[in-house]
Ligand SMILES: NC(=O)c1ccc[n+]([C@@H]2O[C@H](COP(=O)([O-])OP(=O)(O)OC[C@H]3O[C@@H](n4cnc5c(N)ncnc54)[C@H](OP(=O)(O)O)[C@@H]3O)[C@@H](O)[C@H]2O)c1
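Take a look at this single chain, the form predicted on its own, given in structure tokens.
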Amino acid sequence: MEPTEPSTPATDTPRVAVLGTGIMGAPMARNIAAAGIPVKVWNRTAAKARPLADHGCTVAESPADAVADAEVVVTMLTDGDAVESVMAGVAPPRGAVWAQTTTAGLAATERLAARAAKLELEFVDAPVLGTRAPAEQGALTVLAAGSERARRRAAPVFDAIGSRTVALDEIGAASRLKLVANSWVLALTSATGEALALAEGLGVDPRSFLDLVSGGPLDSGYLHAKADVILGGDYTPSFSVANAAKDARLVREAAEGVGLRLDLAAATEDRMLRAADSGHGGDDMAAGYYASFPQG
């Protein structure tokens, strides 16, 4: 891994297409447009894309329309299968950069890179670290793996959506690093939910647990952030239970592919699937908390 890349001054303003305008894609598109970069957006559910017209984006009727004259194509969709499905039916201009920001997993990233080569696109494996709030603030961390030329061409977009770009050369390296980071985030999320569920079951005030660890070596800002979601009961998603289950599966599959057994990832996948099955799939992933209770 190379050192963190400094922001690269934009020498020109690329035309950008953003495919996928959900929790992450919509604020990313807004921030790209706010940086003075022309943006076309598309989403399978058109109603999610239309409000972006008020923020300077052009709403396209189809993925093909969105990418027709794009110099940088950004994909931020549900998973690798969704990206493959959408990109199977489009042909951006030859030589365009494809910045693939969806957490797609290792096998899908290989297939998407092959698709990019077939289309004669410059592929950047570029998953992002962060959820709704940093996406809205333009403060994501972009993990960008690809050629230096492709990263440089995509730099105006990365600078608009993120506060930091971590540069890597080998396509797939960014996805591998993202899975390692996600394994930690998912473990913390499940541990927070289980600790608060145990407190409730034992009749312990969960705030007393949070006070007990506050400021010490067991403390974590993320613990307090997710505990506040659970205790406040506001599960507006920063990152959904369904997506957490998907990411836990990708982590588990990647580990199995290199002969490792990750019990926490497997348990988190199971917890998130149970929470989703009980109606919390669209809630913030802190709602994995409900998997601890018989009624879900």
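What you see is a predicted model, and the numbers here were worked out from it, not measured in a lab. Sequential numbering from 1, following the sequence displayed.
Unshown form predicted together with this ligand; subsequent notes refer to it.
- Only one segment in the set 106 to 114, 70 to 78, 89 to 97, 204 to 212 has residues whose heavy atoms sit within 4.5 Å of this ligand in the predicted complex; it is 70 to 78.
- Contact between Thr131 and this ligand in the predicted complex is found at the 4.5 Å heavy atom cutoff.
- This ligand is not drawn, but in the predicted complex it has a heavy atom within 4.5 Å of Ile23.
- In the predicted complex, this ligand lies within 4.5 Å of some heavy atom of Lys246.
- This ligand is not shown here, but in the predicted complex it comes within 4.5 Å of a heavy atom of Asn43.
- Exactly one listed residue, out of Ala195, Ala187, Ala82, Ala173, brings a non-hydrogen atom to within 4.5 Å of this ligand in the predicted complex: Ala82.
- Taking this ligand as it sits in the predicted complex, the stretch 176 to 191 comes within 4.5 angstroms of it through a non-hydrogen atom at just one residue, Lys178.
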